[in-house]
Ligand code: OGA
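In structure tokens, one chain follows: the form predicted on its own.
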């Protein structure tokens, strides 16, 4: 895994956006996708919001995805494998880049057809605990006409990233404005933040 970890770190250093394929291996991606779809079928996902704590706001004109927070307390075998992977990545990140990450939080994310998330920054105004944002995609056979790209607003350019299966994206939570463009088919991912 160190080769994949180094690939996403090197990509981040080069371009401010780390991208790598197969951060989640094929089996893990399939298992996590199955979990997400089962939760969706059981109406377990909830409307996502913006802000935190008392400032949490639900506005479908800004953000229309639905989410489910991952937690080791669920004792789900596939999610535990995912957490073990993230523990290994955080350890490697701290040892090689001295980032001082001490925790993380992740949720399943599902954008139903017609859903989107307008331009935003991932770090809260009243807290700087989120250091890095990570997204891992669970969409097999994704096509350009499916939409739903992650659009990152660099100072000098726009970078659109397709949400293809197994791809992972990594960037500083307080540096880059980004948005999720309207999706034409259901779009699945795991989204989260590495924190201090």
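Residue numbers count along the first chain shown, from 1. Model, not experiment: these values are computed from the prediction.
From this point on, the text means the form predicted together with this ligand, which you will not see here.
If you check this ligand in the predicted bound form, you find a heavy atom from every one of 150, 180 and 187 within 4.5 Å. None of 108, 111, 82, 89 but one reaches within 4.5 angstroms of this ligand in the predicted bound form through a heavy atom, and that residue is 111.
Note on contacts: among 66, 39, 135, 30, the single residue with a heavy atom within 4.5 Å of this ligand in the predicted bound form is 135. Taking the partner from elsewhere, residue 5 is found to have every heavy atom lying beyond 4.5 Å of this ligand in the predicted bound form. Shown alone here, residue 72 lies farther than 4.5 Å from this ligand in the predicted bound form, counting heavy atoms only. Looking at 109 to 123, the residues that come within 4.5 Å of this ligand in the predicted bound form, counting any heavy atom, are 111, 117, 120, 122.
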